[in-house]
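In the block that follows, a single chain appears as structure tokens, in the form predicted alone.
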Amino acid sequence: MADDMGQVPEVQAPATASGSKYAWPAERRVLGTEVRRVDGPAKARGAAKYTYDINRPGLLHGLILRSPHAHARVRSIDLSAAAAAPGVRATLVIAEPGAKVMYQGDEVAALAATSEDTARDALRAIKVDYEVLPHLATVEQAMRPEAPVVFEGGNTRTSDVQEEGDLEAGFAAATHVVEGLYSTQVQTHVCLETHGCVCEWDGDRLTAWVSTQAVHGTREGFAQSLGIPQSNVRVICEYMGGGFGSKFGPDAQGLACARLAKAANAPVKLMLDRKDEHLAGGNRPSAYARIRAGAAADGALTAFDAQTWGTGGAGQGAGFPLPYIYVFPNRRVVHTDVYTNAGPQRAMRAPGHPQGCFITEVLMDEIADRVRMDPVAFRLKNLPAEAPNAMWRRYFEMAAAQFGWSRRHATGDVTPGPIKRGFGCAANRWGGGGRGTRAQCEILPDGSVVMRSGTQDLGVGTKTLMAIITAETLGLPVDAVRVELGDSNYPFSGGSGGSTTAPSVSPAIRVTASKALEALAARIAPGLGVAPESIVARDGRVRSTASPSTSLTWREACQRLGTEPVSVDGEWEAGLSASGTSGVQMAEVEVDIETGITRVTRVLCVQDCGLIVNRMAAESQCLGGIIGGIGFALFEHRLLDPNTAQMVNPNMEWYLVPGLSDIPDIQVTLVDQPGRGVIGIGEPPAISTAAAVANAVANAIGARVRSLPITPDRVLAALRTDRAGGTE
């Protein structure tokens, strides 16, 4: 069962499959090594076909007309001129007269035409009469007592008080008390491949090529929304250019595409452009926290009192875990979701955790300074008890030794000159886990092996993971295995999100490949005069442990199948995977106190992920997460005009993401925990980078920036405030 942050509760019990005949091998030949992506050459050659690359005979191009207003009622809509335009084959009203649009970019109408340019011209011919209504662009506007009530039930929703311990006693025991307001911004997903699909009907059967994180979930979404049987829908996504939590269903553009294709009796491609993506493709909510926290003279935390709020846009929540990781024995948190007229949030890599981590870790450094303790020593004093998924004590010590933490200076670099340098640290945790995946394995008489499952590869190496596990189990080289995924006609697998794919898929592949080997053994053992149970596969050969002289090459063994291949189904079993990870990151920065520009020069990451399947892919996950964290720390920020609630940077020119020159030296140390089974690692490395960078900035300049992103103007403002003797 998922908790309120969308996670599976953490499991501390080891996942060792003791007694299972499908347990991970003690001697691993391929598992845990560095294996290059099996689909890398196809991507490098341009042979890999993403949704955007799908072109069907007679293909039409779809576009969506979006609301220019942040809040309005549609009085009337006239598509007649657009429908009559040359090349237009179908039109669709999405927002009927009387309906409200709740943010800039809300869907109003759609059409399909013979070319994208034709569709764009026709879109301009659609006439919509809007009654413009009051809107809320910021959380400050929405929280004002005099604010117009824009959302049914009110513009805010306050949760129940979360309280534990005796807060008054906690503050009475505190020698040091820190108070502050901390905040993080709205960050959009910025998927390299935008949301979209290609839909084609054959009678009442729909085939949809969709950029999705869930081929089966998207199939269900199409079927339910279109009122057709799931068996009539096929969703395909062999290659996918990133989703980060925002692509779990057909969405408005997918349903519009399917309906246009039906109306036009022709295939339709409808992909969002970059502006649409920023406005309607999802985002990470903002977070605000006004905190008062206390610590005793010896550095032990005593109390934590927080009022938090944030916006997930139009009618969406903005929760985040607080306090994060560290033990405050007496604590209280009251959270308020604030609704604004902006594009709604969606799950984004480690939902809520980067916000909660930044707020808590910055607070921890401030208290450490107040107590006059080293930040690492202060954290070690206040960590929860150690467990397999809570190894921060060990990881802080490992990271400190590798990073050279002993060279950290006290807060404020006193080195002459404008360039100041500093160190910072932060920790992360994540639940993850996964189950339910099914798979099918075929061993053909010519020795070919095909492993297929209805999971999907978001670009993180799932196809390679499936090949590695199959190869390990069958004693073959990785390139001897053909993997097929990304098709809802394949055996079921759930959506890829929350670091659930590897722990869901890996056991299913291990079990299915093992069953295929058992089936092969049962077929060939009688001819060899040995018991099927004695058959093993290793190094490209099939042997009998009972008769060492009985040995065949893999191909010779498969030829004994005759004309009938082996085909078996298998599914996820407990004991081969688990949930719960912990990690630590340290960052080094250079800050120019004359310009306010921050440059991250070095990041070190210590991260566990259970049994490592592909070391290269796991390290790549960490690199990607850290680079994303740097974007969250320094650059990415959805900016809305406070007067119009229009996004002023819905492009890649003014919505900034890290470029190659912004990527620092990154050192990754993976902690292998094979006894716990496979654990996903997609989320955790993205969580703590921004907090570590923020603490490094404060260590460099001697002033605290409590809001993300850490832009030059905020750095300079913090320095001015510090020189004036204030704390913001």
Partner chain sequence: MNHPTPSSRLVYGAHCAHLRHKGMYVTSLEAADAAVADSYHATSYWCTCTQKALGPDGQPVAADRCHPGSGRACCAG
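Treat the numbers as computed from the prediction; the structure is a model and nothing was measured. Positions refer to the first chain, counted from 1.
Keep in mind that the form predicted in complex with its partner chain is not shown, yet the notes after this line are about it.
Heavy atom within 4.5 Å of its partner chain in the predicted bound form - residue from P565, G624, G317, P532: When its partner chain is considered in the predicted bound form, the option within 4.5 Å is G317.
Position in contact with its partner chain when the complex is considered in the predicted bound form, options K463, R429, K269, H195, heavy atoms within 4.5 Å: Answer to the contact question: R429.
Contact check for Y52, G281 and H637 against its partner chain in the predicted bound form, heavy atom at 4.5 Å: No: none of Y52, G281 and H637 comes within 4.5 Å of its partner chain in the predicted bound form.
One stretch from 218-226, 650-658, 198-206, 474-482 that, in the predicted bound form, holds residues within 4.5 Å of its partner chain by heavy atom: Correct option: 218-226.
Contact label in the predicted bound form: E107 to its partner chain, heavy atom within 4.5 Å: Yes, E107 lies within 4.5 Å of its partner chain in the predicted bound form.
R435: touches its partner chain in the predicted bound form, heavy atom cutoff 4.5 angstroms: Because a heavy atom of R435 falls inside 4.5 Å of its partner chain in the predicted bound form, the answer is yes.
Contact flag, L255 vs its partner chain in the predicted bound form, heavy atom cut 4.5 Å: Yes, L255 sits close enough to its partner chain in the predicted bound form that at least one of its heavy atoms falls within 4.5 Å.
Any non-hydrogen atom of R379 within 4.5 angstroms of its partner chain in the predicted bound form: No, R379 is distant from the partner.
Residues in 528-567 close to its partner chain in the predicted bound form, defined by a heavy atom within 4.5 Å, in order: Nothing in this stretch is in contact.
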